[in-house]
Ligand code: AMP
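Only one chain is given next, in structure tokens, and it is the form predicted alone.
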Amino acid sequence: MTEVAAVDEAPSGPADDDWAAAVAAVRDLPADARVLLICHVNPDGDALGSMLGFGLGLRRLGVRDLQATFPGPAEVPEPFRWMPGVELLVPQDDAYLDPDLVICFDAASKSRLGDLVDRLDKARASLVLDHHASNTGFGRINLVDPHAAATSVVALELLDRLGVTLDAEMATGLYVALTTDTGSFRFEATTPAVHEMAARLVATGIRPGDISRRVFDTRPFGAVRLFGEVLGRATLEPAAAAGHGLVWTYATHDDLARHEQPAYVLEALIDSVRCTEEADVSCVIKQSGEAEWAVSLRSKGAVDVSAVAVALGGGGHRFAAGFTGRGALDELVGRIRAELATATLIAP
């Protein structure tokens, strides 16, 4: 087995000065300030839930000129279209060109903001809320807590420091964010503090069973058929990842077209792949363009997949990460396999 080093402890979270600067950036806004909220491309539950929940909190504070957006087509994935705050969303081309304040959610680097990245330079102030250890610190003010289970943890603390009273509409988005990034409280990031936060959110009157059904247990039959086909081509490599095992599969544009499904349905596919008993690392490769692929990586706890993703131009957490790959599929899998051969082990 290849010798690998144990991963270092993640850096500490925001300092008191960071929190104070973030509070001041919001509190000192003039009455006519334009605030733009941005989350990452192909938004997931944490990105959208944190952004919309926080946006509703800003509305509670009296921020009137407020928009939320994300790069790429203005199509909200079906599991999240019902969330309170979706009325704040605008297509990227309609977003403020020179906002007074930009707040970014769940993005570890500028590259995750796509064509909206120019808003950072045009804004008078920029604030980043995130929980990825690989975050590059691209905001003027950065609230990045690698120990947080979801970006919504950071968002809720900032709302608390701003003195916003939590209500069920805000709590819905924050709960969606928390439950998606913890895999319904199944992943390693689930701590006592996570359950305490969930209890606080549920206490506002939200219905966890209804939320879970909408987010996790509702899927078109075409997507079910698509998943069956893509899972049928999954490949298991027990010797990969220094003997911890790799399971991977891929989906193409032709697969989506054949089953008449939008690309976002594939985001949930990784959960069906990662349950493979013989592999610590799971990987789903989704075609996003001509010779371009969106790669999702997961680890059950032995391998730090964020190190693999960072080496290949992406980022993430120890247990969940991703990157955009280019080239032929077999070459891309070869690069992933090579990085996993010298991957960093997570200390027990």
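All residue numbers are counted from 1 along the displayed sequence. Quick caveat: nothing in here was measured; it's all calculated off a predicted structure.
The same protein also has a form predicted together with the named molecule, omitted here; what follows describes it.
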Legend entry - Location of the named molecule contact in the predicted complex, chosen stretch of 30-38, 291-299, 60-68, 47-55 [non-hydrogen atom, 4.5 Å]: 291-299
Legend entry - A321: touches the named molecule in the predicted complex, heavy atom cutoff 4.5 angstroms: yes
Legend entry - Heavy atom of E267 within 4.5 Å of the named molecule in the predicted complex: yes
Inset, instruction - Give a yes/no on whether H132 approaches the named molecule to within 4.5 Å in the predicted complex, heavy atoms considered. - result: yes
Inset, instruction - Determine whether any heavy atom of R112 comes within 4.5 Å of a heavy atom of the named molecule in the predicted complex, and answer yes or no. - result: yes
